[in-house]
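Only one chain comes next, encoded as structure tokens, the form predicted alone.
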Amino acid sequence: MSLGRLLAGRALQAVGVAVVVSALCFLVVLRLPGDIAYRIAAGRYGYDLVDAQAADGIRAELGLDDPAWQRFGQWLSDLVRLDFGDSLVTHRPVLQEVGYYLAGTLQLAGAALLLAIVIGGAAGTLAAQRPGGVVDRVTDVWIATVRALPPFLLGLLLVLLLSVHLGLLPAVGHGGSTTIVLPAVTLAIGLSGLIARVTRDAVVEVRGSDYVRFARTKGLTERLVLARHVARNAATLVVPYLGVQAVVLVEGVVVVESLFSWQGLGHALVHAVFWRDIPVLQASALVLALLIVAVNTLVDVAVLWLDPRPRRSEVAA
């Protein structure tokens, strides 16, 4: 597949994802129990100051008695014009709010993914040097352990150890230089186990190939063989897997951000559902979905760059 066709296909996919995610969010909010006008009024004024009159005022102001299809059509029309409106609770522009939370999610996900690649890639490469050896067996135990731990349980264990007992890091918060450490480590540890497994298997496979054996017969040192022939070819196997893990990471930040009060899209999504803030809910879910499409696109482009053979075969045909 050529790069142009790839990008065109992903662009069409993004449009389809935008429509489907918006429709699902709208339907979910409609089916949630409780009076949506009362929840929005509580978010604005607080539960103690909300009464039936305030809820009726919200209902009239936002047109909540209008037919559902009419409100959804208005949302799609605004979406085409990239007009996401204002938050129903804070009155701030949705784009401004979502942009702030998106920056938090990207910061956390980027730090976690980088840390997971460093830990998992190094462990997998070391384990592949001698399959069945001590390092390989220790890596197997570590992989099985971190895979068995759900993120929320791992996060709680880290909080108890590093915050409560040792007092080294803050348990919750957002903005300080140390507040990102615990949520990033929580996500990274879970990811690093599987990255180590895939890296180990890829390196073992490439090291046993004919072209690597030929490189050794030329007298190259093991370090040069690893850098010139093993790393790039193993990357073509590892990068697609990293894309899958990045998607899982984007989905997993919802739990971790809520656990550590990290102000990202997952945190915003939970609060938007609670307060029935439909514009923020739809925009947050839409951005998360488009983020997954963007990650898949970057992975496909990276694989095309690492292994250009498919494009060359198309040209030859």
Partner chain sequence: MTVAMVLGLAPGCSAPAEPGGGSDTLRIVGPFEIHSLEPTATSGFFTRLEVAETLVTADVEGELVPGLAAEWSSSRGGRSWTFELVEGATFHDGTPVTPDAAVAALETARSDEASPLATIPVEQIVATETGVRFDLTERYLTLPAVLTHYSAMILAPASYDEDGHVTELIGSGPYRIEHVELPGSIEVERYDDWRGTPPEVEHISFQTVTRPESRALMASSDQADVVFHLEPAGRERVEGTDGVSLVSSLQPRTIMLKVNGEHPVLGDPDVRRALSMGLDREAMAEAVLREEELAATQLMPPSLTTWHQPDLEPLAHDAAAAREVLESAGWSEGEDGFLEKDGERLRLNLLTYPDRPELPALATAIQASLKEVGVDIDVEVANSSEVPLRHADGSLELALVARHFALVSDPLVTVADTFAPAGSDWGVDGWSDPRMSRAVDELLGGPAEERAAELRTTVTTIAQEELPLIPVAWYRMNAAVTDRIEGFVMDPLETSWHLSSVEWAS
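Positions refer to the first chain, counted from 1. All of these numbers come straight from a predicted model, not from anything done at the bench.
Beyond what is shown, the protein has a form predicted together with its partner chain; the following relates to that form.
Visitor: Is H174 a contact residue for its partner chain in the predicted bound form, using a 4.5 Å heavy atom cut-off?
Guide: H174: yes, in contact with its partner chain in the predicted bound form.
Visitor: Using a 4.5 angstroms cut-off on non-hydrogen atoms, would R223 count as touching its partner chain in the predicted bound form?
Guide: R223 lies outside the contact set for its partner chain.
Visitor: Looking at the partner-bound form in the predicted bound form, is G167 within 4.5 Å of its partner chain by any heavy atom?
Guide: Because a heavy atom of G167 falls inside 4.5 Å of its partner chain in the predicted bound form, the answer is yes.
Visitor: Heavy atom to heavy atom, is G57 within 4.5 Å of its partner chain in the predicted bound form?
Guide: So G57 counts as contacting its partner chain.
Visitor: Using heavy atoms only and a 4.5 Å cut-off, determine which of I180, V206, V98, A123 is in contact with its partner chain in the predicted bound form.
Guide: Flagged contact: I180.
Visitor: Go through L237, V159, L79, A231 and name the one with a heavy atom inside 4.5 Å of its partner chain in the predicted bound form.
Guide: The option sitting close enough to the partner is V159.
Visitor: Going by heavy atoms within 4.5 Å, which of 107-115, 208-216, 223-231, 68-76 lines up against its partner chain in the predicted bound form?
Guide: Only one stretch qualifies here: 107-115.
Visitor: Within 86-111, which residues come within 4.5 Å of its partner chain in the predicted bound form, counting heavy atoms only?
Guide: The stretch touches the partner through V89, T90, H91, R92, Y100, Y101, A111.
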